[in-house]
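Below you'll find only one chain, the form predicted on its own, shown as structure tokens.
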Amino acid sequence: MAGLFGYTLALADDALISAQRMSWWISRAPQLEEDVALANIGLDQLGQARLLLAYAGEVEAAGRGEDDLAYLRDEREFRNVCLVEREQTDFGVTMARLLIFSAWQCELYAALSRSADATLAGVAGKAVKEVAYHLDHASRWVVRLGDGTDVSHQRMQAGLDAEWPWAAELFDDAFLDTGLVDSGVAALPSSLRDAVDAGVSAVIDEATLTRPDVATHYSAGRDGRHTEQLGFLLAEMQHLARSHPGATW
């Protein structure tokens, strides 16, 4: 069961940390409708994280629930990809990241909706509808900015260039117990790459942007080796729960 716990935890952490980053935009988005849209995307991701964390706790069978796993683990215990943990205070960066991440989640959840594990299949069946909206939202903004003014085109290209090197970790099979794939429980990350690349490339072309030709960053978030920015994010996210252990409200 250790393999299933690790796999579920990794997917939960991806959604949880992405949701935390997305929440930064509340009250800061370029327009009111976008403020609401990004808040809702973050809430969708948080809902996915909660379901997956709760299931990870059940699989682990060590008495830890979703709050314990979210608030009482240290940085090295998190298994999210480094892509989602870095600051995204530039709107172009946020849309580039959401494009890549939601395209990956769409393919991931579509595959997991056919999982032999009934709980993962149920979570994925609900989540795939949510992330389809996230992908559409990001795609529209990337095209709007990329095929807009000279300034918006340059900033959107810069955002894409900044995020592209971190995407490779999404497709790394190394962390996964291959027995989960053989038994039909998990989706092999590398098997999702062609579909994700095709979808993202189509948006890039429509946006008159250039597919980045940049070196891939080495990242090992799945192994608990993160950028320094995750520590600051967790300090903010976990502060209340750690300051008042056991409190309920």
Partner chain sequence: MMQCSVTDSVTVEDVYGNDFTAPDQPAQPTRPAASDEPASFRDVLAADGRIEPRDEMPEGYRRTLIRQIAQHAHSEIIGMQPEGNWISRAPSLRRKAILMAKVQDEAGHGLYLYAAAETLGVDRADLLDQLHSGRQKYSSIFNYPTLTWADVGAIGWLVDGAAIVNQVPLCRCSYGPYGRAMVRVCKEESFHQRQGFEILHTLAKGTDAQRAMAQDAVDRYWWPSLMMFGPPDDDSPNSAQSMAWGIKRHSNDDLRQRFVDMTVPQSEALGLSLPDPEIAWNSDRGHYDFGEVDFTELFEVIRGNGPCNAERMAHRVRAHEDGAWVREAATAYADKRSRQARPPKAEEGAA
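Residue numbers count along the first chain shown, from 1. The model shown is predicted, which means the values in this text are computed figures rather than measured ones.
What comes next is about the form predicted in complex with its partner chain, which does not appear here.
- Only one of W164, Y109, F91, F78 comes within 4.5 Å of its partner chain in the predicted complex through a heavy atom, and that residue is F91.
- Taking A195, V59, V185, A29 one by one, only a single residue has any non-hydrogen atom within 4.5 Å of its partner chain in the predicted complex, and it is A29.
- Heavy atoms within 4.5 Å of its partner chain in the predicted complex are found in one stretch of 196-204, 213-221, 176-184, 60-68, which is 60-68.
- Taking non-hydrogen atoms only, L135 never approaches its partner chain to within 4.5 angstroms in the predicted complex.
- Heavy atoms of R144 reach within 4.5 Å of its partner chain in the predicted complex, making it an interface residue.
- In the predicted complex, its partner chain stays beyond 4.5 Å of every heavy atom belonging to E228.
- Its partner chain is not drawn, but in the predicted complex it has a heavy atom within 4.5 Å of L53.
- Along 227-249, a non-hydrogen atom within 4.5 Å of its partner chain in the predicted complex is carried by E236, M237, H239, L240, A241, H244, A247, T248, W249, in order along the sequence.
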